[in-house]
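As a starting point, one isolated chain is supplied in structure tokens, in the form predicted alone.
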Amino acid sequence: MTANLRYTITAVLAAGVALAFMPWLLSDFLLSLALSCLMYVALASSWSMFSGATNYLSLATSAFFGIGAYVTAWGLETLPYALAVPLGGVIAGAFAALVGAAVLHLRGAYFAVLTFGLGELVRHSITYFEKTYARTVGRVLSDPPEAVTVYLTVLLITVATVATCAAVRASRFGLALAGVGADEERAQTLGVNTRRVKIAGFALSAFFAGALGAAMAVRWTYIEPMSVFNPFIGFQTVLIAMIGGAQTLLGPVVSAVVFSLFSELLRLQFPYAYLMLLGLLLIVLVLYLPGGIGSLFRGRWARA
């Protein structure tokens, strides 16, 4: 472990310990806002770990999040919450590995459109299954865990996500992912098994999104496919990561916190202006700042 990686992981763990005291210091509204910030920090970081390195634009975050949420919805009556959360991540990761083995030979707009359709496919499949066999759509969570338990669980997932991202970036596996993003054919020539690397990175990213969906599912009393497979979750995750800089570690973290607080204000006060601003930000980023705001400071951070 390098000194830089050791310093980064120590800083992440220290921030996690400090944030663990928030349930006893914040009101219910502020705690809910902090939970939303943590959720998007983990989602944006896990998305950047794969898509930021490989330049494969994945829009499947909502699919993995929803799979994890439904693992909790279906299993909470028989499984403890502490087991349902990692199980949601494992199932989402296994599903991503299976899908990735079939579609990761595609790139660009083809891969983006297919991963977006993946979320819709899973949503409609679960809707059909519930209507056909359960004679209902959705699940009622009658005995969810306490709010403090949910917060600490999401915080643990977020700390694990950011620490894993830092470790991956400093590893040979992270170097292989970056090689795929820089020049996949050249990486193959140099001996990188790009197919295996892409599948593993895609599955690892999906694991954290699925675990997060399983942990956050208990916030809703009633879970139905449209709410947990909401495409807006995936779009906002991509936008947050791109604004902060998907190829940096700190960029998505800072962007998720600022964007969550800013969007909460705009969504409550100016709901239509909020959606217009999202579209405008995406256009500006693609045209003038494809590397995100974090790319402006990357050289300074490296020199420091």
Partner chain sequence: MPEMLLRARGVYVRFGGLVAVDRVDLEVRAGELVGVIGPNGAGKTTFFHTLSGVLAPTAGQLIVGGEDLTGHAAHEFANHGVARTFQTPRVFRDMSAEDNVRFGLEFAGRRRKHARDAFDNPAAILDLLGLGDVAAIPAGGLTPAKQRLLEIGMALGARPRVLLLDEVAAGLTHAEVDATAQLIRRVRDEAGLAVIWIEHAVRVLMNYVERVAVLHQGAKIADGDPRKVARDPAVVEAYLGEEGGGERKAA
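Numbering follows the first chain given and starts at 1. Because the structure is predicted, anything quoted here is derived from the model rather than measured.
Just so it is clear, the following notes concern the form predicted in complex with the partner chain, a form of the same protein that is not shown.
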Answer range among 142-150, 155-163, 213-221, 177-185 for contact with the partner chain, defined in the model of the complex as heavy atoms within 4.5 Å: 177-185
Candidate from 168, 192, 204, 87 lying within 4.5 Å of the partner chain in the model of the complex - any heavy atom: 192
Closest heavy atom of residue 135 to the partner chain in the model of the complex, within 4.5 Å or not? no
